[in-house]
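Next up is one chain by itself, shown in structure tokens, the form predicted on its own.
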């Protein structure tokens, strides 16, 4: 399992579809939104939680089509299916690798980009907490979408259409945590719902993803 995790992280870094691309996209969103909205500090502070979460979500989405595609092309996916380790565990490890090269760097850099969007000082802590808690769900849900579209030529658009509706609850509660934290309000309810989503998808979707991969490889 550890060897598979290290391998997937190396492939993601070398392929250029994880760490660098996601951070570059996130940075572009944080830079372009103030230019488009204008120098209205109050407006930027109001929309910052939502913009930062949307940017992180779309940045995670960029590399999802490569999650299983490279393994499918070189035949490694067939070996994973027949390997003695459970396919569900392999899917979970690949989702973890995706989070380590996309979700975690986005979480760490988000406070810096929050400065560009004039995020209130009280919201920085909750921004990091919500992204750390919510981005793993984005990777696991994305792995499920990638499993459904594995083997399809030009399946990136279909993957986006499948995954984006499933991302909506995570986006809503994640942005709400930051918004409430920035306003000094209680964050317990949206934070608990965000944690429940992450725990639920982490427990269930690897099994659904493994089943989808087995069906697509028949």
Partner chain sequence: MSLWEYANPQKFMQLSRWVLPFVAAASVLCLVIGLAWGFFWTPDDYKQGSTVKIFYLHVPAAMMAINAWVMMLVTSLVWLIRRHHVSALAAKAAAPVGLTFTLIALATGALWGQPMWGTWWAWDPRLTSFLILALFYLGYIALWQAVDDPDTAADLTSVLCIVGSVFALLSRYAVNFWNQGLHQGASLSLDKKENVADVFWYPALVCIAGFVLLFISLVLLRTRTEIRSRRLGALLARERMG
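Residue numbers count along the first chain shown, from 1. These numbers were taken from a predicted model, which means no experiment stands behind them.
The protein also exists as the form predicted in complex with its partner chain; that form is not presented, and the subsequent description refers to it.
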Evaluate residue 108 for contact with its partner chain in the model of the complex, applying a 4.5 angstroms cut-off between non-hydrogen atoms, and reply yes or no.
-> no
Do residue 116 and its partner chain share at least one heavy atom pair within 4.5 Å in the model of the complex?
-> yes
Its partner chain contact in the model of the complex: residue 185, any heavy atom under 4.5 Å = no
Stretch 39 to 61: residues contacting its partner chain in the model of the complex, 4.5 Å heavy atom cut-off = 39, 44
